[in-house]
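What follows is a single chain, given as structure tokens, in the form predicted on its own.
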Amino acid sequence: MAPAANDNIVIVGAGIIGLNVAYVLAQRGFGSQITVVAEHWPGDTSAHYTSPWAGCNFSAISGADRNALRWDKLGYSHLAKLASECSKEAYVERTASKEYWDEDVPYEKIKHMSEYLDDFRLLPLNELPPGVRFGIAFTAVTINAPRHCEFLYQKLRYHYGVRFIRRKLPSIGAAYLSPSTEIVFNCTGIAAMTLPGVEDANVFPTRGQVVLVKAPRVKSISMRHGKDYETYLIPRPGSNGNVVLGGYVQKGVSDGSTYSYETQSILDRTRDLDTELRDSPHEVLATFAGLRPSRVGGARVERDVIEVNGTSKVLVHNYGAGGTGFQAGYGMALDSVKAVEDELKRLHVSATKARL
């Protein structure tokens, strides 16, 4: 008999959220049954394809709800494992980090993180910059966002046999590519705001702008959380000394342009925060803007049902992580896959019978 179709499972979106779902499924043996449908793939650039623009590191920027705390812990464990086992291939490294708060310190969240973060410690007052109320240090992970996405794409396509199709879908219902499509994972990010069949009014863009510089002496992460600003320096693994400087968190702003005055503000703020950047030569390489896929109430990860040509089909929503997709995405993927455990068991049985 013929093998099972490779569109039994369709994942809509090839950002870090969709790639993580595909990765979790592929590791469980479903690679040949998966098709990823997306307008943009790793290697592409667009303000609406946000994943490549990320800083990107593990930090305390995520929410304090139960799901966010759990996803963070799962993400840290996963990324730390990649850093230990295949750091150069995956473009993930363990990196020393310090985070500072001017006010509004999330004490309960920090307490939870302190239970699993490596080398965690509270910073004494004499180690805090002027105007900072509270600070922590720990061993974080940094990710070269565009290269890590390309790593996952290559792994999925050539090792696990996942199929990729470049297509902009007219609706979420169009993701059911054939009668054999049983499960669709909706990992559409900011497109969930307007995509027919989803049209989630709780989704909104959060604009960010970052500056990429060559500053090989900057080896650690520094982050300062202010009342109306975010400032950070994040070394980019495998880039020969590049560092991502930020940033902006502009909720509801959908402008993908970059602005010189914002670039200057980022350069000024990061020089004040990190002595290595201030006291050593560095070269500005590029400026980028991206639209984080944010959502009122936090990320949506849940099972749904949709009618397609008169038949009820399974739909799993997985979007709205905002700026936390790289650290929360693996945990979100685990929850998404768990939500359809019964359907996956049935697909596994069908595929096994088809091979006999």
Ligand SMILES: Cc1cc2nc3c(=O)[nH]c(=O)nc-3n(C[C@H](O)[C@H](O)[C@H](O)COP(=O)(O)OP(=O)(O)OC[C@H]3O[C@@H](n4cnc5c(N)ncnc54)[C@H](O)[C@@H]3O)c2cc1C
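This structure is a prediction, so every number in the text was calculated from the model and none was measured. Sequential numbering from 1, following the sequence displayed.
FYI, the form predicted together with this ligand isn't displayed, but the following is about it.
- Contact annotation: His40 falls within 4.5 Å of this ligand in the predicted bound form, judged by heavy atom distances.
- This ligand in the predicted bound form comes within 4.5 Å of a heavy atom belonging to Tyr49.
- The closest heavy atom approach of Val92 to this ligand in the predicted bound form falls outside 4.5 Å.
- Using a 4.5 angstroms limit between non-hydrogen atoms, Ala14 touches this ligand in the predicted bound form.
- None of Val210, Val184, Val213, Ile221 but one reaches within 4.5 angstroms of this ligand in the predicted bound form through a heavy atom, and that residue is Val210.
- Residue in contact with this ligand in the predicted bound form (any heavy atom within 4.5 Å), chosen from Cys56, Val301, Ile34, Leu315: Cys56.
- With the partner omitted here, the stretch from 22 to 30, 63 to 71, 303 to 311, 317 to 325 that lies within 4.5 Å of this ligand by heavy atoms in the predicted bound form is 317 to 325.
- Contacts between 175 to 191 and this ligand, taken as any heavy atom within 4.5 Å in the predicted bound form, involve Cys187, Thr188, Gly189, Ala191.
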